[in-house]
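This document opens with one chain alone, in structure tokens, the form predicted on its own.
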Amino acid sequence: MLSGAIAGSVYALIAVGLVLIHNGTGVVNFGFGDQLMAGVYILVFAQQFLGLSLPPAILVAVIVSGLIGLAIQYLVMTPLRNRPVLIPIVATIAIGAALREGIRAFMGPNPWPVPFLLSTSPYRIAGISIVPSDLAILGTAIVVMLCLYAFFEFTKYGQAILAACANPTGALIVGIPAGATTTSIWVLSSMLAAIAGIVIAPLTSLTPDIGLIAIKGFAAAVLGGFASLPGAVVGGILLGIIEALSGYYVSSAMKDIVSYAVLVAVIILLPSGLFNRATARKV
């Protein structure tokens, strides 16, 4: 359960970033995984070539990732804002491919080491093996999600973003600038992608293909309901726990199959996800 919650917390971060962009712009960002990958490579570059220690390197990676999101919004999404929704979606695929192949050409295809946030030496409590580095992943995800909750719940700017996500036309009528909120969503989601990549990369091999883990984030978003931020969090944690339990009780080779089978069942039985909710619209 603990192992599943740790993996699920990363899926939740990815899902939240995807849901933010989808709710705010109507675009499904299929390049999100490649933005995740780029954030980790920025961290490695800052350490290996700029000589920064881990904390400032993380800060640089998150800030630069936010700037990448800003560039995507202004250089690509703004010119395409009046086009059919399929065109911006295809553009996200092209952006992701450009990031992936550009980094592959610059950094090479071989794996790069990524430092753990805490020690990897396990210790046992009540018969459970606890690894500090795994707890760092869970703790980081919890802190980030609590900060997001506080931002959206208690700040006017956060509430403005939520309003624009819920009803863009209504937000414009009451004076909320659509451009500023859309830009903020792209920047925020890109920073979330970097954080998710930084916490999960030490557990895997950092290659240009690490962004494929975003598929689990898509699954978590669909499982929780693609229009719900709380649903994205719950969907991520639930998907991670399902994977862990199926890997233990069925087979580690089958855990992905079992988790996606559950996802397909949810799509068939609850097309809007677990957090399906009726909404009223005044016309």
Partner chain sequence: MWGNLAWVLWLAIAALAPFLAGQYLLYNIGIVATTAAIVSGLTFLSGVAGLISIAQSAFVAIGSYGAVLLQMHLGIPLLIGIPVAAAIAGVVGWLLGFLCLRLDGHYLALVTLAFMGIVHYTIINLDITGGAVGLAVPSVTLFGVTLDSPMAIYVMAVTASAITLWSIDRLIHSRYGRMLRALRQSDIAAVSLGADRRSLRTMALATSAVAGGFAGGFQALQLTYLDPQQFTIVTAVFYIAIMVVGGMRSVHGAIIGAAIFVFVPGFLSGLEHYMAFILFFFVTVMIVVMPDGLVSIFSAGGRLSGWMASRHGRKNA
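Positions refer to the first chain, counted from 1. All figures in this text were calculated on a predicted structure; none of them were measured in a lab. Rigid core: the largest C-alpha set superposing within 1.5 Å between the two forms.
Below: the form predicted together with the partner chain, not depicted.
Asks: Which one, 218 to 226, 55 to 63, 237 to 245, 38 to 46, holds residues whose non-hydrogen atoms are within 4.5 Å of the partner chain in the predicted complex?
Replies: That would be stretch 218 to 226.
Asks: Let me test this: is every residue among Leu50, Ala136 and Leu148 within 4.5 Å of the partner chain in the predicted complex, going by heavy atom positions?
Replies: Checked in the predicted complex: no contact with the partner chain for any of the three.
Asks: So in the predicted complex, is the partner chain close enough to Phe106 to count as touching (4.5 Å, heavy atoms)?
Replies: Yes, contact at 4.5 Å.
Asks: Is Glu153 part of the interface with the partner chain in the predicted complex - any heavy atom within 4.5 Å?
Replies: Result no; Glu153 lies far from the partner chain in the predicted complex.
Asks: Spell out, yes or no, whether the shortest heavy atom distance between Ile93 and the partner chain in the predicted complex is within 4.5 Å.
Replies: Heavy-atom contact with the partner chain at 4.5 Å: present for Ile93.
Asks: Verify the contact flag for Arg124: yes if a non-hydrogen atom of it lies within 4.5 Å of a non-hydrogen atom of the partner chain in the predicted complex, no if not.
Replies: Because no heavy atom of Arg124 falls inside 4.5 Å of the partner chain in the predicted complex, the answer is no.
Asks: Taking the partner chain in the predicted complex as the reference, which of Ala180, Ala97, Ile130, Ile142 has a non-hydrogen atom within 4.5 Å?
Replies: Only one listed residue qualifies here, and that residue is Ala97.
Asks: Quick check on this chain: which one of Leu80, Leu162, Leu117, Leu203 has a heavy atom within 4.5 Å of the partner chain in the predicted complex?
Replies: Contact check passes for Leu80.
Asks: Would you mind checking 61 to 89 for residues with a heavy atom within 4.5 Å of the partner chain in the predicted complex?
Replies: The stretch touches the partner through Leu75, Val76, Pro79, Leu80, Asn82, Arg83, Pro84, Leu86, Ile87, Ile89.
Asks: Superpose on the rigid core, then tell me if the C-alpha of Leu263 is displaced by 2 angstroms or more between the shown form and the other one.
Replies: Yes, shifts by 2 Å or more.
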